[in-house]
Each structure stands twice: as structure tokens, then as C-alpha cells.
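Next up: a single chain in C-alpha cells, the form predicted alone.
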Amino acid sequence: MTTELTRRDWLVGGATVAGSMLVSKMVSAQTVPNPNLNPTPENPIRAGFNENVYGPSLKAKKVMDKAAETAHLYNFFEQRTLNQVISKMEGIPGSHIAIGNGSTPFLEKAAMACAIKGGKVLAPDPTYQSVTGTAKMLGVEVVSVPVGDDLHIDLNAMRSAMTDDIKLVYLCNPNNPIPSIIEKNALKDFCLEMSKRALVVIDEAYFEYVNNPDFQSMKDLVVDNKNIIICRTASKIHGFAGVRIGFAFAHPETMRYIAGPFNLSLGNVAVAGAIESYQDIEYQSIIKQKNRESMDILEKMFEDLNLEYVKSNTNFAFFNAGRPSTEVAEELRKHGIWSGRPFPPFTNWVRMSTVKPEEMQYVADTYRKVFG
């Protein structure tokens, strides 16, 4: 496996440089806002929210502007088109796909289904909190399993924690706030095993950013398995965090737990934009390249300062600052930079989202100046 703590070698080849120049020209053609090179506490660089700072693609923006003209109409037919687009791309029957306002509604409804069944939730710790947070609000007990010493999700420890009263198993892959992945064969075996005993929910919010042979989506498992749900979102690489589109992949018999017969809450702008954005493969490649450029800047800073970090499979880094993350956040905010909130028990670790490379360089230079 290649998902260990690392201090990555800094290697930049001529091909990478040439590719970066080409991608930079392509991004400029997207007419995105200029980098924030003079940030202030009132107008900070947003390196704490795991957003796509470039926003939706230009193609998506054009159809979204047009879709606003039909805001008075229901979008049943457009939803059907989006379903067909995703079905073709993922190789999953349309009957196994539900569309929502981001992935959050599906994650929350899975927790509600667990509460109705009177069971517990099993999840790693730390991880994304839509499922666990909703469960706790509903009075559902959450069995939290600490990540391993390598900061990866420990499937064997989760197996050991499994009991008959656990009705939902939640895994975020890649994880958040720790940007690690679960090895694909081990995860598949775990899903098939645990789905015989409970509902298994896999949150793949960041899967588009992964470039790791050890990773594989578990989406194909939903075709024949009634106890597995895969959640996706357009909030990350597609830049739809404020627009809201997401998907659930599940067996039709499982959909009744997390989706209604039709969805009246989806806006025309969001649906139209998603139809275009998911087919805009070129733009997704651009964003992945720019994300890599920014991550290289961060990782070079970690190397220069000898900071421990987790190899990232997402659009954010997780590193040991050697001091409380709250202290780091407070100091960086003075220089116009937002970083991630604290993630107990890793109170000395900082989650830092990638931003535009020019902004990322400012973040790295500022961090060196303040803490180096």
C-alpha cells in the first residue's frame, strides 16, 4: 500500500512544467476571478473549506445562466437527463441513482433510517460528521473507532467493534479531515462482509481527486447488494458547493430509506449546470492539475520545515504543526488566511485546503514567516 505518512521527495520534471503552462492557459480561458494576492482578515484566502476556488466551469455557467429563465417551471425532464448522464458515465442503471441537494440529504436520511431501526452507528474517528452528527442529534449511539497509528481507517479495528445492534456502518473514502484512502480490495471485502449485518454507507465526496492505484470506487457493489449506499457530491471538483447537487447510488429497494419518489427541491440552475459539468471532462482535468500544483507547494513547505503530514488524495492537506491548530488558525487569520477548524483528538494537526497556486504560495510563504 502507498498510503503511509510521508515526507515526499520534491521532483519536478520538464514535462510537468510544460503541462502546467498549458493548463494555466486553459484556466485563464475560463474567465475566473483573479487570485487574492492581497488578502486581509476581512477578505481572506479560503484555505479552510475544501472548495473548488475556481467555481463551476464556463460551460456550466453558461447553461446555468440560461436555466434561470425557467425558474418558474419544474425540472422533471431535466432530472431524468441528468440521471441518464450519470448512469452512462458510471455504468450503473438509472434505477439505482438518486439526485439530491448535495450528498448531505442522503447521509442524513441514512442516519435517520438507523434511528428508526433503533440501532447504533459505527464510524471511524475522526471523519466527516454528517452521518455521525445527525445520529447523535437523534439520540443514536455512535461507536467511534480511532484511526490507526498510520492515521488510516483501521478496518480490522472496526470489525472488532462490530456488534449485532449496529445498523449502519459509515466510511468516508477518501477520509476527511485525514486525506487518506482505504485499499480497494480490503474495502470491498469489508463492504461485502459488513453489508450482511448492517447498512454500509460509503461517502466518496473527493473520489475525483484520487490518483492512486490502491483506490477504487465501491459503486458497482450497489447493483446486486441491497445494503450498500454510495454518496457523491458536485460540491468539490465541480465547484457546486453553493449550488447543491449530489447523488446516491443504491439498490432500488434501498432507495426508499434515503430518497422519495420524486424531488421537488432541486433547482433548475443546479440541474442544468450539473448536466453540463459532469460531461466537461476537460475542465475536471484542469482542476485536478491546478490542485496538484497547489498541493506540491504545500508539500514542499512541509518538507522544508520537516513537518509530518499525510499523503493527500483530496484537495486538502493534513499536517502536524507541532502546536495547537487553534493557534495556527488565529495567527494565519491575521494575515488573511482561513485554515481548517480543530479536529480532536488531533489538536496539533491542521487541515489546509488547496487554493489557487498563486494564493497557495502566499499561504506557504506566510506560514514559513510566522512559524518557520
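Worth saying up front: this structure is predicted, and the values here are computed from it rather than measured. The first residue of the sequence shown is number 1, and the count goes up from there.
Beyond the structure shown, there is the form predicted in complex with a small molecule, which is absent from this document and is the topic of what follows.
- Stretch-level contact analysis of 234-242, 263-271, 221-229, 160-168 against the small molecule in the model of the complex, using heavy atoms and a 4.5 Å limit, identifies 234-242.
- Though the partner is left out of this view, C114 does not reach within 4.5 Å of the small molecule in the model of the complex, counting heavy atoms only.
- Interface membership of C172, defined by any non-hydrogen atom within 4.5 Å of the small molecule in the model of the complex, is confirmed.
- The shortest heavy atom separation between S294 and the small molecule in the model of the complex exceeds 4.5 Å.
- Contact annotation: Y209 falls outside 4.5 Å of the small molecule in the model of the complex, judged by heavy atom distances.
- Contact check for L298, M352 and Y367: none of the three has a heavy atom within 4.5 Å of the small molecule in the model of the complex.
- Interface residue among I97, L107, L122, I181 relative to the small molecule in the model of the complex, by the heavy atom within 4.5 Å criterion: L107.
- Interface residue among Y278, Y128, F190, Y283, judged by heavy atoms within 4.5 Å of the small molecule in the model of the complex: Y128.
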